[in-house]
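Given as structure tokens, the chain that follows is alone and in the form predicted alone.
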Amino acid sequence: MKNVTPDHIVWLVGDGLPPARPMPPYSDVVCRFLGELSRDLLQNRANREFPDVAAFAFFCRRGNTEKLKEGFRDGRRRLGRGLAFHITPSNIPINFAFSLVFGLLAGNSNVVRVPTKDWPQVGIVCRAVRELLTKPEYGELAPLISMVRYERSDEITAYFSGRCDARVIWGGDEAVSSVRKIPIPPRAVELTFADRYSCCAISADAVLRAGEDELRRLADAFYNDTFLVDQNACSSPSLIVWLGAQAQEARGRFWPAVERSASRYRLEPAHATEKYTLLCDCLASGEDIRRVTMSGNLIYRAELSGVGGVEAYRGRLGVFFEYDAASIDELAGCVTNKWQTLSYYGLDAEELAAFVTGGRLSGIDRIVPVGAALDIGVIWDGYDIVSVLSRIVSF
């Protein structure tokens, strides 16, 4: 690479560009490797303070990859595309690890650019992967996995992009657009996971019927969807839609329970300022905000009179926007292809799916219960990732 010294790239796993050596999707050696990685991560007590590492390890367990393999079989012969280059976001610590796994399951060699921020989760996963790759039984995988860290550099990105057979980009719209200006080979495919908007629909009646234990579980699940990642994940809801005539009473039960669950959340001073500024900006520019409720500095809630321009209201760090609706159909006019996840409580998932498909909506790719918003999988943003990152050998 011209004008780039080795010091510009930190090789966390591997020490060079992997060869393009495709394997069949869900190959046995990959599934065994991921299963052992899962056990190593779960058995290390030091990892227990990181729920996202535990969730990643749970996804990698052998039983899950075998289940995914069974669901993927369609009688066709497939191979990975070759070398996959992954560019992952800096604000979600464990995203890089999932992207690597998707590339491996599809049968590819992989170069993964990890976050430039020194998240502990990055070190935990990279150390576990390095140690496993030293075992003789994974010798064929060792040259096929590289994880790198480098500050923004179009030259380095162009180097990896120019040699890949697939490029996977995670990030905001501006970051995705910037990387897409850098060409990839004519036969290479590209998957982009850009900025999305997510919503949570809650039945007011269901909240009022819930016992104290159920209410606590709901609050904990909502906390995991939101505060656990500072609402940085595209699947974390910004908008809370209350369905039912008793929405006000339901809020009176729900939010105090969430506040109790979120008492463990540590809001850094700089984030507190950012949070208050976000709310002030929304108040200054938004015409639909009719009331704001603040629970200390932990939860800010802005009630909306309409949802016509709701995508402008993005929650972070415990800022939520609420809307009372007589029916989920009220959202149909504002759902664009920016919408990703609809999480729900007390509602029928099939009816919600019919709302999306029957209404022929351009957005909402995922419908999941509250608590599962962050559960990433091989189907994401409407893509079957393993299918896209592999090729069919017809005969």
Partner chain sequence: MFDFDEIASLKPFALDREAKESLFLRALGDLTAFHRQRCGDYRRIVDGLGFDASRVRDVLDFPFIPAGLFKMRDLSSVDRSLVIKTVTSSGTTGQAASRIFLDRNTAASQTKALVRIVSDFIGNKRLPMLIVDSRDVLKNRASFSARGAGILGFSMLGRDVTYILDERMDLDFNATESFLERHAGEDILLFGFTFMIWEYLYKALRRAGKWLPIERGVMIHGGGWKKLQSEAVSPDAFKDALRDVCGLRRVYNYYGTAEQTGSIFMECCEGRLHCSVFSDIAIRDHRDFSPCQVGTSGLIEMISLLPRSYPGHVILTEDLGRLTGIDDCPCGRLGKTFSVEGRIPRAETRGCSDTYEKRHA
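Small disclaimer: the values here were computed from a predicted structure and weren't measured. Numbering follows the first chain given and starts at 1.
Not pictured, yet referred to below: the form predicted together with the partner chain.
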Answer among 206-214, 255-263, 80-88, 133-141 for heavy atoms within 4.5 Å of the partner chain in the predicted bound form: the stretch 80-88
### Query
Are any of the heavy atoms in Arg291 no more than 4.5 Å from a heavy atom of the partner chain in the predicted bound form?
yes
Taking the shortest heavy atom distance, is Asp230 within 4.5 Å of the partner chain in the predicted bound form? yes
Close approach of Gln248 to the partner chain in the predicted bound form, 4.5 Å, heavy atom:
no
Contact of Trp170 with the partner chain in the predicted bound form (heavy atom, 4.5 Å): yes
Note: exactly one of Ala128, Val310, Ala201, Val179 sits with a heavy atom within 4.5 Å of the partner chain in the predicted bound form, namely Val179
Exactly one of Val148, Ala325, Ile184, Leu279 comes within 4.5 Å of the partner chain in the predicted bound form through a heavy atom, and that residue is Leu279
* Non-hydrogen atoms within 4.5 angstroms of the partner chain in the predicted bound form: do His271, Gly296 and Leu317 all have one? -> yes
Applying a 4.5 angstroms cut-off on non-hydrogen atoms, the residues of 94-122 near the partner chain in the predicted bound form are Arg113, Thr116, Lys117
